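The form predicted on its own is given below as one chain in structure tokens.
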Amino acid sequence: MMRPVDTSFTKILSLTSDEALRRRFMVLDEPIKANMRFGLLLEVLDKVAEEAALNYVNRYHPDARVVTAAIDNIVVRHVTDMSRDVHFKARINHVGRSSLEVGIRVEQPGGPVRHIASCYFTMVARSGMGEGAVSVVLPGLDYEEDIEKERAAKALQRREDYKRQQALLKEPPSREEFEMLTDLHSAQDEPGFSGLLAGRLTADAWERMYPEQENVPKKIFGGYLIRRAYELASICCEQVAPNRPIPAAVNRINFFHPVRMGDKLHYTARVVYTNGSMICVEANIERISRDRTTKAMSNSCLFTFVNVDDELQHQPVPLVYPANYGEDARYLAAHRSCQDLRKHRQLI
């Protein structure tokens, strides 16, 4: 049996030596801080996770492929320095019956090493095409060292944490949360109210899928979809941020339905929550088949941004006011998510 260390895979973005690559990953062709295109970073992460998982799966099933099932929370620890290379260090933490968790550490070497983020992808091994595709059974890993056992246990814990978080979303508001929502609604009844209504802070886009976006046969690359969703979310975010919004976290992303060539996609983004310098934007991707007989949600994402000045110091943003039940539910879900992030991690 293989050990997790045997599944290690590294990809390097050579920003220091490849000028064309560095320019492609820039937000602006100017010497600004936090100049990395985060959407492209997400796209690379998904590809790295796929390659790491595929290297393992093809040892036992040479014709199998892997697809992304979910991406766990990603928290940005430090902004990327465009004058240094970026290393993506991937390793399989746990193998289930047909699924794998791939952990990826994003860092920049040097003195000191800069830890950009750590990410966890759940991949599923599949064989066959179309309706005949089936999941394949994978052999487990041999967890010899304590650190390997610990990482495997954390992978299982992340699954349980997600189930707990989903159950929490269905819980009614606490007294404190109810009073928070009541205050937001009461403010809208005041004479001369001029606050930002959540229902007006939206953006959308349409796109057709073509063979150039294909990854596995007849399916569109999930990393591309996430990048497009993030880019729309960042544009939508600018309706609220008086300075400059930069990414702080990505909540768990589930891949509900595969996107196929010829599908028409409707991307929607809406600002659902603000607090201090934080802005939460929900982005959804709906696929419509070419014959228009099938419509389904492909992905739902929640991106958290922080509003900063030129020196990356946090700056306040206006409150956002929900006005109906659906907006209340999204506001509350984002509020709980941000509370959880603050409790366990320090945002940039």
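For every residue, the number given is its place in the sequence shown, counted from 1. From a predicted model like this one, the values you see are computed outputs, not experimental measurements.
Another form, the form predicted in complex with guanosine-5'-diphosphate, is not on view; read the next lines as being about it.
A residue is said to contact a partner when one of its heavy atoms sits within 4.5 Å of a partner heavy atom; residue 103 meets this definition for guanosine-5'-diphosphate in the predicted bound form. None of the heavy atoms of residue 135 is located within 4.5 Å of guanosine-5'-diphosphate in the predicted bound form. Residue contact with guanosine-5'-diphosphate in the predicted bound form: residue 120 places a heavy atom within 4.5 Å of it. In the predicted bound form, guanosine-5'-diphosphate lies farther than 4.5 Å from every heavy atom of residue 266. Residues with any non-hydrogen atom within 4.5 angstroms of guanosine-5'-diphosphate in the predicted bound form fall in just one of 68 to 76, 201 to 209, 225 to 233, 149 to 157: 149 to 157. The partner is absent here; in the predicted bound form, the one residue of 270, 244, 126, 91 having a heavy atom within 4.5 Å of guanosine-5'-diphosphate is 91. Put simply, of 84, 260, 115, 87 only one has a heavy atom within 4.5 Å of guanosine-5'-diphosphate in the predicted bound form, and it is 115. Contacts with guanosine-5'-diphosphate in the predicted bound form, taken as any heavy atom within 4.5 Å, map within 1 to 20 to 8, 9, 10.
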